[in-house]
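Take a look at this one chain, the form predicted alone, written out in structure tokens.
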Amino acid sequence: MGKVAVAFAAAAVVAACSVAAVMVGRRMKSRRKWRTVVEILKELEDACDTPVGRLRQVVDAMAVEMHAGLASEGGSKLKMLLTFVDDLPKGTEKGTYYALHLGGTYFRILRVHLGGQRSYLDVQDVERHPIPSHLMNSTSEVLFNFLAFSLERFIEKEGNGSNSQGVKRELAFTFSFPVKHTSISSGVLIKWTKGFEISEMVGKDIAECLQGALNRRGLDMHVAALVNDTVGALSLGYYHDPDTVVAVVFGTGSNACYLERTDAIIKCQGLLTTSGSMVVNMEWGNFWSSHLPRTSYDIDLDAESSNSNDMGFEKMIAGMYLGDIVRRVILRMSQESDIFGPSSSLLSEPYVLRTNSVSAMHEDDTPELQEVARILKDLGVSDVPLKVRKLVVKVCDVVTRRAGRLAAAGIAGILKKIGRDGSGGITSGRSRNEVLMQKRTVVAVEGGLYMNYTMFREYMEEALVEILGEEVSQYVVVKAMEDGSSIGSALLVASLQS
């Protein structure tokens, strides 16, 4: 009996040792898998690193490309398009005007009433609707008939008091895509961005397309101006503060414009304006420099996009793409480790993770990161531990921090070109003391990414101070322009009529 007991005891010890060995093996395997994802995160952080020295190299590259784009057509990745806007609203405009804004995700319609002084700006009946996805690859006729129908419904809601019978309504068409202008009210589409793919529209006059659709519906409305969204934001900024000389949009896509001296636009020699200046639409989404911190995720996203080898800067900083960069990082982590549990097919779908969800996860302040858990569950990833949720937040932070800091470098590049960055510009010989006596510079900023994503906004503004330095940055004011592109475009039409 004693021998049996000893045998049982020995067996129990062996079994316990075996269980312990299995447990230790599992822990070691788990640690190795955790080390794998931590290494992926570290690799991402290193690849996305944006020290101020690197940002200043991007600033210099942006200013040089701007100069080249103004010197000759095709001389730069930046198109530096003339807008034929040489006179911005001054605050004395009167009347009622309309704006239709076709953006990357939404379209807006609004009416603006002006009373002849800056304090009297009445924005009325703003309507904002998502763009039906089928329109993005339909035909020009289908797209513009839809927009004309939407304008007709908007006008029908006005009643009789908004516009006198028999008076033609003046409309600003805010069009957030690259256009080569032939006048302030006409221009041909250069290419689509932001997911639109109506190829037969390239080369067509956008204002004519809309005017034709309005005429077909019998609407007594005149397309008085064709305006890029950045130009609209600049217009509203200038209306409120004449020190506004730059406008940037951070939304689905990203772009910038600024006020340039006409004698600096070398590719259009002899260009004369009464003001001596003109607003230039940079189309900066296509900017590229070897100094931009590009990752393998950016390369893959670009290769799989409908516009590969194009819009490289935009793909690093704009709302359409940030969510997909984060998705690609999480997908790789899930493929190389099982910390996210069973593989989710949803994670393999491009653009399934939107940037507004990245913002919600990044800014989740609940103790257990419940919003992160909810969004991951929507992606087919359930019941991940808190430390994995924290890892996801960190991925969001790295991607967004890079975007915000590169956005700041882009703005600083414009300031450098026009001599407002403390250096006097790329061809100026002014001393630093002379530069510091400069007037204040206002940068108007609009777009859902900037307005709604607090961390993006804070990273951008923090980096702008870093790049410019405390001394110079006190002269630079960043102002948010909600619905600026639409309202400002209506103001431009008003300024044309006054």
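If you're wondering where the values come from, they're calculated on a predicted model, not measured in any experiment. We number the residues from 1 along the sequence you see.
Here the subject shifts to the form predicted together with a small molecule, a form of this protein not shown in this document.
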Picking from 350-358, 230-238, 297-305, 270-278, which part of the chain touches the small molecule in the model of the complex when contact means heavy atoms within 4.5 Å?
-> 350-358
Any chance T252 has a heavy atom within 4.5 Å of the small molecule in the model of the complex?
-> yes
Is the gap between R108 and the small molecule in the model of the complex 4.5 Å or less for some heavy atom pair?
-> yes
Look up in the model of the complex whether M460 has a non-hydrogen atom within 4.5 angstroms of the small molecule, and give yes or no.
-> no
Would G447 count as a contact of the small molecule in the model of the complex, using a 4.5 angstroms cut-off between non-hydrogen atoms?
-> yes
In the model of the complex, the residue from M320, V381, L391, C209 that sits within 4.5 Å of the small molecule by heavy atoms = M320
Listed residue (P89, G187, G285, G104) with a non-hydrogen atom within 4.5 angstroms of the small molecule in the model of the complex | G104
